[in-house]
Ligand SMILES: C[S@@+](CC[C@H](N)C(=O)[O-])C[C@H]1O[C@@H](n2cnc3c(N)ncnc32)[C@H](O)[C@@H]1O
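Below you will find one chain, with nothing else, as structure tokens; this is the form predicted on its own, and questions on how it binds or moves follow later.
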Amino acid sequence: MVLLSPAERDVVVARLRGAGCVWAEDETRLLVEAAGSPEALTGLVERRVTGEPLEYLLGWAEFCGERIGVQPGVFVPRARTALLVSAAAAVTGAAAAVVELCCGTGAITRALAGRLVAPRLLAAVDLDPAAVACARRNLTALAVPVFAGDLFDPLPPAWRGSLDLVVANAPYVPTAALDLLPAESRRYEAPVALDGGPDGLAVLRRVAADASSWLAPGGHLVAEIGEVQVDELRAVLTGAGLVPTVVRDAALGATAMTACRPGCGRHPDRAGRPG
């Protein structure tokens, strides 16, 4: 941590505010805490005013009350995704078998590990090598395996038909809308974590198509989406043999969908599940 005089702190705040940082005072405090020397602080401030995400500079993002390690290029967990965690926990039994697809930093798995009483299995998957490495660091203490590969492909075949929960914060931004994202996202985060194809649902269609074969009867798929995509994704999930429900949180500005494989009501703690 660098010690600054009030005048020096005001200079940093003014620079950040001039660069468009809405929470300039809070960012100044965090950068000052992160810097090991005045020179390091100057470098961090310069990077921030050019638009680099604050989380990359700090090396962490706050999510569901935890500090999640973040590295450049990896998708930064958003506050709105807390809805995905609460929606998933609400439909999942105490000893569930859980897989997070498109895991990024592994933030959702970390959060669910603290919400579920005694999950029998936690695992995560991502296609991006940088995200896989980041998630492994975040989940090492929990002994959670992180698989490198495309959606369900790298999972052990023995898990097919036995998962209680599949949670996916898959990319859902339509390709044509990528240029409308904040500069921090479109310039610094990996496109594979953002681009959802022509209507934003290309990846989620693939998840839905395979989910029934991986879920146990009564198991759930839970996914974050944009509000304008609700009707289309509902139709996709229904067509895949799942029973969808919309979940919204106005305070977070978030929308999610849960989708149950028929057989809802069966207890997820029965034998025969992975783990």
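For every residue, the number given is its place in the sequence shown, counted from 1. The structure displayed is predicted, hence computed values, not measured ones.
Beyond the structure shown, there is the form predicted together with the named molecule, which is absent from this document and is the topic of what follows.
request  = Evaluate Ala89 for contact with the named molecule in the model of the complex, applying a 4.5 angstroms cut-off between non-hydrogen atoms, and reply yes or no.
outcome  = Residue-level check for Ala89: no, no contact with the named molecule.
request  = Using a 4.5 Å heavy atom cut-off, state whether Leu201 contacts the named molecule in the model of the complex.
outcome  = Leu201 lies outside the contact set for the named molecule.
key: Contact label in the model of the complex: Asp150 to the named molecule, heavy atom within 4.5 Å   = Output for Asp150 is yes: heavy atoms within 4.5 Å of the named molecule.
key: is_contact(Ala131, the named molecule) in the model of the complex, heavy atom dist at most 4.5 Å   = Answer yes; at least one heavy atom of Ala131 falls within 4.5 Å of the named molecule in the model of the complex.
inquiry  = Among the candidate stretches 104-112, 174-182, 89-97, 134-142, which one is within 4.5 Å of the named molecule in the model of the complex when only heavy atoms are counted?
reply    = Among the listed stretches, the partner-contacting one is 104-112.
ask   = Of the residues Leu127, Leu116, Val146, Leu155, which one places a heavy atom within 4.5 Å of the named molecule in the model of the complex?
value = Answer to the contact question: Leu127.
Partner contacts for 165-192, taking the named molecule in the model of the complex and a 4.5 Å heavy atom cut-off = Contacts from 165-192: Asn169, Ala170, Pro171, Val192.
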